Structure formats: structure tokens, C-alpha cells
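In C-alpha cells, the next block holds one chain alone, the form predicted on its own.
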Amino acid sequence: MTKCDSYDAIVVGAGHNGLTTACYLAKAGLKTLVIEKNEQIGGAAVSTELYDGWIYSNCSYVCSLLRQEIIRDLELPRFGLQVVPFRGGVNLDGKGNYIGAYPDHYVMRREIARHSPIDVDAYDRYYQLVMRQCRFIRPFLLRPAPDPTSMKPRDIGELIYLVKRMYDIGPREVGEMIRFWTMSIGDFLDEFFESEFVKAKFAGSGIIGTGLGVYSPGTAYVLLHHYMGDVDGSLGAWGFARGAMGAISKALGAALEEAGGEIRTDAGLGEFVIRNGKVTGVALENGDEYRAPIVASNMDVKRTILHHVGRDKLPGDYVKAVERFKIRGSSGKLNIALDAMPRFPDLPENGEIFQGDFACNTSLEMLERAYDDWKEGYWSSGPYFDMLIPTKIDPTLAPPGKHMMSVFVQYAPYDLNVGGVRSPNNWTDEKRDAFAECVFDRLSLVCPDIRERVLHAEVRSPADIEREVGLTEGNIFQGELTFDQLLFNRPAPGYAQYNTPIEGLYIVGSSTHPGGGVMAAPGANAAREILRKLGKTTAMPTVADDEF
């Protein structure tokens, strides 16, 4: 050990949830330290200039789920955060057809009518049901997940709150809600829409970031998870953080430092220091040690417990629950510097639809076949992509007249199958280039001159994301968002309130309630639990209540 400093609390990992926890702890008066293994803060929410003049959102690329209560609590706009909403979006089939997405509901109805007049009224029913589900679940995002086996007054109070919410919406809606949370996005869309193209347009939100297909049970909830955010009060809207996603992390870092917190980068964790069942601090890879009675881990539960605590220090049933927790890599990412705007021959020029995301989904069958490839350990031969050109909204991300493209890809396996052997080590430069070529083949269906426009491309497999960011298997949600891994089961029964069997050790990342995305709710909720146990209730984060 080369040095030893003492703190009230230490946060391991400067991702957005870790920074959020640290901000609230520091604002409550705790001497707080954040350690981060990389040179910059942000985790998956970072902005990097890998090609001269172009700013990439390397991993996370859009903002919607970031809770407005947290933005207000921490005054993030004062530290430079600005989120610009999407103005549209589009799904193309690569054969001349497209269906746009527009924020105006009546414009959206007319767009659907171009493809299926029958589906126009179905869209109203679909939209109303999804929004009802969002309105039900949103207040729980910033509330603790109650333990149904506990007789503690607070857990009983939260269960009563849950029952009251259910009573208010009525038995029919409760039944519909439970059914919705457990069904597949494919079955859900089949009940509403006739047109395969219309169904394909909405299906993408049900599979993004998850190792499931459109007909896998639980994917309807994944769609809901993507709809429950808001931008400027518009429920379900998405937006770009001006300056790319690292602007969120920079604002959180500035808020933390103003509150008196410290951040130390290039400080990789070696292990949690644990004595007699209590955490007493952290030991870094370089031998430095910092002491604190409270340590909060922004890493996922598997990385926290299995890599840095050790099975011998924990109850066997808890270790088994952590081992069972599903974190599966299914996503790749391309960030591309363009010398000019690509040509989209099937789209009207300079419409609002360019100020949103692009996809090329022809049918639910096409998406399910893409999933079939992943199950066998291969990247999808006809991949799903969620592509954006953020410079259409924020031109500061590239030199004048140039553009930047972000491409999120499903499906790409973590353990790539090469010759019948599945391993993350199979992601060689050659395989990564071949994966990129497959994506460019798909992109060229909608923008045929894409290869001519490319100046530089950063290609990331799930294994790359794990190595660089620390997300197990590159899973962007730090764990599947299926019903068996939500609420009081996330990440394990009895430990859904950010605690662990180690006294003083907390988990504050997306593998805890309410789940993944750049939401910051897990970090805020965890800070509330820590402060409550310290008796600092007057300094706790805002608790969400009925919003509508």
C-alpha cells in the first residue's frame, strides 16, 4: 500500500449512476470519492474525438430516460446539459417504401394510413395502451422496490402504495398490465396491426439491448422501458444531448465537484476491502487504498460480486442468485465520420424524419431470423440497426458540412462462434471488419453511397464494450429486463434495495431497480437508501409520486 486516505463514502465507477449517487451523497455533506478506471468519466455515456474534428457518442447515443426530477435536483442545465428532442424518425424496407415517425399524433395517423387504413385506428388503441402502462410504471422508477417478504413498515407502505395504484386503475387494467409485461412484442403487435411493415416499425424498441427475439416472452416490457422517458415534458420522446452523451457525465461531474466531491481517474479497482463481514474501503490495482464505511459500486452485480468480492465471503444462496442473473451481450456499435450527408433516394429531402432514428425492418419474421443467427453464435446476416445522424440536430459534432453517424446493431454475440468454438476472444480485427461489412451491406439498402462517404469508422463488438467500459458481455442494461429480473427480483430477491450481504457495500448501477438506460434512477434511489440508513432524510433525492 502506497497511501491511505479516509472518506465517508467511496463510489466505484464514474458512470452516470455512480456519479448520480456521489452527487447526492456529497450534497448531503458526506466526504465522497469517485474512482474510475478509465481516463475520462462517464462509463458508457462518453463523448470522444477519435477522428480529428468528429465527436462520437461511443456507446450510449440517445437521451430520454434521464429522470427530470434528477435533472432538477442536481441543477444539471446549470452545468451545461441541454437535451434537444427528436423531430422524427423513419423505417425503410430498402425497396422504395418507408414509414415515418412524427411527434404529431395526427400526422402519424396519416402516415400509417399510407400503408394500411385498417391500422390507423389500431394505432390509436396501441398508443393509448402503451401510454397507460407508462403512466402506471413511471412513479415507481424513483421509489424503492418493496420486499414482499418483509414486515418492515416502509416495505409494507410501498406495497400498499402499489396495491392502491392497482386499485385505482381497476381489475381489467391490472390483468392487461400483467399480460403486457410478460408477453412478446411480436404477439402484442400482432393483436393490433395488420401490416407487417407497420409492425416492423414499432418492434425495434422491444429488442434493443436485449438477448431476446421479437417472439420471446418479456419483450413487450422492453418496448415499454424505452417509452417511459420524456424530453421537455413529452412522454415517450427521445433526444440528443448537445455535445454528445458525454455532456450528461460532464454535467454530473461538475455538480459533484461543486458539492465538494472528488473524482480520481486512471484508478482501477483491485478489490473491496472487507473485514468481519463489513466493507472498510477499496484497494486499487496500483496498490493505493482508500478507506470508507460506505462503498457504492456502479459496476453490474456480477462484476461487483464475482470479480471483486469473492464467493467465499458471501452466502451460497446469494452467490447462486448472482450467477443466475442474466446478462447477455447482443449488441454492437459503429460510429462513423462522414465527409458529406449520405443520399437516401427513397426519402423526401431535408424532412423532419432526418432528425431522428433510421431503421430497415421489413417484418417481424426478418427480425426473428436475425435473432436466430445470434442464438447460434453468429452476428445477424440481416441485422437490425438503429441509426442516427446527430449532426442534423447538433452540427457541433463534426466540421462544417460534414456529418457523424451512430449505428446501434442487433444482433452481435459476445462469444462469437468460429469453427464451432464460441469465445469472446474470437473477435479479432478480421472478424470485426467482417461484422462491419455486414452492417454496411444493410445500410447500403437505404443509403447506397454510404461507403463512399466514410472517412473513419469505429467498430465495437460486445467484447470490446465489455473490455473498454466494463459492462459484462457488453450488455447495455447490465442485465435483461424480463419480468423475472424486475422490481424486487432485481438483481436478487431480498437484495433489491441496493444492499448486499456485505455491510456497507451497495450496488447502484443498472443491474438494480428500475433497470438500464441513461436514466440515473438506480443511482438516485441507492443514494436515498444510503442516506436513510445514515438518518439524513432531509437531504434525500426527490421521490416520484403520481405524475398524471
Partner chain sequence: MAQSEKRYDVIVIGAGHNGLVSAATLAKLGKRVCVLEKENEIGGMARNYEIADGLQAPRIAHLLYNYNPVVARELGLAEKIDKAPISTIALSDDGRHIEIANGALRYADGAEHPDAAAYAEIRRKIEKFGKLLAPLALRSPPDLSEGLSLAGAGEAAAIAKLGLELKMFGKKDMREFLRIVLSNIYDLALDEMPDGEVAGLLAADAVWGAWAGPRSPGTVFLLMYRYAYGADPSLPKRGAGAVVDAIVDVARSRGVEIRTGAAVSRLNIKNDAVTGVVLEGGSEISAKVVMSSLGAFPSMKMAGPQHYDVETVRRLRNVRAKGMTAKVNLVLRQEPKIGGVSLAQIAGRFVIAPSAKYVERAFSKAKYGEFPGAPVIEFVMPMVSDAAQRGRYLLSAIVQYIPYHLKGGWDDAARDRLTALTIDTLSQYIPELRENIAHVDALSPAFIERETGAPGGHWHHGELSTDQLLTVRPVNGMSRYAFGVRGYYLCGAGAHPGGGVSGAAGRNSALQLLKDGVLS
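Numbering follows the first chain given and starts at 1. Fair warning: this is a prediction, and the values are worked out from it, not measured in the lab.
Although it is not shown, the form predicted in complex with the partner chain is what the next lines describe.
Chemist: Can you tell me whether residue 171 touches the partner chain? I mean in the model of the complex, with a 4.5 angstroms heavy atom cut-off.
Modeler: Contact check for residue 171: yes, within 4.5 Å of the partner chain in the model of the complex.
Chemist: Classify residue 430 as contacting or not contacting the partner chain in the model of the complex by the rule of any non-hydrogen atom within 4.5 angstroms, answering yes or no.
Modeler: No, residue 430 sits far enough from the partner chain in the model of the complex that none of its heavy atoms falls within 4.5 Å.
Chemist: Against the partner chain in the model of the complex, would residue 453 count as a contact residue? Criterion: heavy atoms within 4.5 Å.
Modeler: Because no heavy atom of residue 453 falls inside 4.5 Å of the partner chain in the model of the complex, the answer is no.
Chemist: Consider residue 362 of the chain shown here, and say whether it contacts the partner chain in the model of the complex, taking contact as heavy atoms within 4.5 Å.
Modeler: Residue 362 lies outside the contact set for the partner chain.
Chemist: Please state whether all three residues 147, 483 and 493 have a non-hydrogen atom within 4.5 angstroms of the partner chain in the model of the complex.
Modeler: Yes, the whole candidate spot contacts the partner chain.
Chemist: Only one of 351, 217, 382, 268 gets a heavy atom within 4.5 Å of the partner chain in the model of the complex. Which one?
Modeler: Of the candidates 351, 217, 382, 268, 217 is the one lying within 4.5 Å of the partner chain in the model of the complex.
Chemist: Which pick from 442, 328, 226, 303 sits with a heavy atom within 4.5 Å of the partner chain in the model of the complex?
Modeler: Going through each option in turn, the one that passes is 328.
Chemist: In the model of the complex, which of 136-144, 251-259, 366-374, 337-345 comes within 4.5 Å of the partner chain (heavy atoms)?
Modeler: Single hit among the candidates: 366-374.
Chemist: Going by the partner chain in the model of the complex, which residues of 163-188 come within 4.5 Å of it through any heavy atom?
Modeler: Sequence-ordered list: 171, 172, 174, 175, 176, 178, 179, 182, 183, 187.
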